[in-house]
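Take a look at this single chain, the form predicted alone, given in structure tokens.
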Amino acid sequence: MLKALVIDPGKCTGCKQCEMACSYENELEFNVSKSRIRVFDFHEQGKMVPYTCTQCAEAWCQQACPVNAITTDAASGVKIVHENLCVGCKVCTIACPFGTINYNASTGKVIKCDLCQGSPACAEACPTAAITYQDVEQAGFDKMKMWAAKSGAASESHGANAPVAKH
């Protein structure tokens, strides 16, 4: 059973507990600059959104790495950076279209989410359940339910004036 992080931005308060837990779990220090998850502040919209590596099936970071320092764990699908192979060239950081691979200046290597080997510290630390770790199939189902709820609400608001498809 494949699992993934599921992020619900509507539940995020911007507390950054996820960033602190991540940096401590992976670097043994509370330092948000060394976190593998970031909370983006969209202050104009009044929203905070946690974001991290989505573990792409066709990972551009992995394909771009000139020394093959990024591999895929066959069981989990997680993309893992092998620090002993990484030369710190940062090509993967450029290749990632989501900006979720970061350079760690203190080690001269790149860092990215590896789901804490199956027990993500960010999800455990999130006090509002804005970040959860769940079965991929359930996550997809939950997204469909949210979309259906939004669609239903939109069509109900149009009432009798809703457009009707003609065949």
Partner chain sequence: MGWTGKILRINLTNRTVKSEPTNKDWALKYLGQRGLATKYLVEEVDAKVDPLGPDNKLIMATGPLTGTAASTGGRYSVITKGPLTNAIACSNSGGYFGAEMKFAGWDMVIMEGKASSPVYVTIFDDKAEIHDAKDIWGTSIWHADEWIKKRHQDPMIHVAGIGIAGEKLVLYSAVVNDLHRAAGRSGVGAVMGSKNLKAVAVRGTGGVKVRDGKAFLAATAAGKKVLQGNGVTGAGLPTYGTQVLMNVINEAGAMPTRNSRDVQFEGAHDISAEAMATPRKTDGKPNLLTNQACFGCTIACGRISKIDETHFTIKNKPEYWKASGGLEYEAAWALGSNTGVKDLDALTYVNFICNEQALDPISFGATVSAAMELYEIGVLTKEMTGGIELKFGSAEALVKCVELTGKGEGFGKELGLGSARLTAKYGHPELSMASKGQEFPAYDGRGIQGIGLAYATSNRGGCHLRGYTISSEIFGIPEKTDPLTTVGKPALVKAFQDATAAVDSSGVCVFTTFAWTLNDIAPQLDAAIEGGWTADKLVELGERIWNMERQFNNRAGFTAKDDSLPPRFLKEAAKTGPATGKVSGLETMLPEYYALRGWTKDGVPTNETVSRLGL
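Numbering follows the first chain given and starts at 1. The structure presented is a predicted model; accordingly, all values stated were derived computationally and were not measured.
Below, we refer to the form predicted in complex with the partner chain, which is not included among the displayed structures.
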{"property": "Distance check, residue 64 to the partner chain in the predicted complex, heavy atom within 4.5 Å", "result": "no"}
{"property": "is_contact(residue 109, the partner chain) in the predicted complex, heavy atom dist at most 4.5 Å", "result": "no"}
{"property": "Non-hydrogen atom contact residue 48 with the partner chain in the predicted complex at 4.5 angstroms", "result": "yes"}
{"property": "In the predicted complex, residue 32 touching the partner chain (heavy atom, 4.5 Å)", "result": "yes"}
{"property": "The partner chain in the predicted complex: contacting segment from 110-118, 95-103, 38-46, 55-63, heavy atom within 4.5 Å", "result": "38-46"}
